[in-house]
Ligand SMILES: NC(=O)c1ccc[n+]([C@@H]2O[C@H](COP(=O)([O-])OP(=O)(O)OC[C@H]3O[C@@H](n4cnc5c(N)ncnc54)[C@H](OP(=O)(O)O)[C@@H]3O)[C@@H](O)[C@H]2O)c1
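The chain below stands alone and is given in structure tokens; this is the form predicted alone.
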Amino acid sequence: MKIAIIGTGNVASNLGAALSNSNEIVYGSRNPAEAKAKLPNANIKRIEEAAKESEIIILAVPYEHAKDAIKEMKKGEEGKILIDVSNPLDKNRRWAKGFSESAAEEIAKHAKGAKVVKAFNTIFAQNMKTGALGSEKLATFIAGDDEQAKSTVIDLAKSIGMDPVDVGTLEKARFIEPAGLLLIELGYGKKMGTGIGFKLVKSQ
């Protein structure tokens, strides 16, 4: 599939590297020339162009920039799967949302024609290339209202090496996003580093 990744930061570049093994990746940036300096071998285009020519869009920009990025897609997301990987934190890494609405639900309001799916926000960027730590697959919790869209994202997660867990409708992203904040707090606040992650243990 052709996948547009909006953003060129650590999450975007690591997810792109992982998915490029079996998909065609194009990055969307406000300034492709500047972004090319960071990712010299990548296919980088303006956000609108990347979104319109792709089948799936991964929104991999900081939460505070998500609304503007959607505007720059200029409806290129309509009818497509839009994967939100954000954690709703402010500049001081503090929780920027309440618990009556998730960032994913807010994003869905701005990208009304897209099939929004929450995924990948509970795995540190450095661990996205393999989706695992050693021999342990990392769990990525997935939420969305469109079952076919979720199934596609689940297959993408499996292709990377992750253990995808279907949490339910997009509303359930309200449960997933605080888990992302917990991971960040453990990694940086408690100085455990990025070599940590979540695993869902299941009885046989």
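Only a predicted model underlies this, so the values are computations on that prediction, with no experimental measurement involved. Numbers follow the displayed sequence, beginning with 1.
Omitted here: the form predicted in complex with the named molecule. The next part is about that form.
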So in the model of the complex, does A96 come within 4.5 Å of the named molecule, heavy atom to heavy atom? no
**OP:** Please check if I25 has a heavy atom lying within 4.5 Å of any heavy atom of the named molecule in the model of the complex.
**Re:** no
**Asked** Given that the partner is absent here, does S20 sit within 4.5 Å of the named molecule in the model of the complex, heavy atoms only?
**Response** no
Determine whether any heavy atom of V117 comes within 4.5 Å of a heavy atom of the named molecule in the model of the complex, and answer yes or no. no
Within 4.5 Å of the named molecule in the model of the complex, heavy atom basis, the matching stretch of 159-167, 62-70, 48-56, 144-152 is 62-70
Taking a heavy atom within 4.5 Å as contact, would all three of T140, F175 and A179 count as contacting the named molecule in the model of the complex? no
Those residues of 119-144 with a non-hydrogen atom no more than 4.5 Å from the named molecule in the model of the complex are F120, N121, I123, F124, A125, Q126, M128
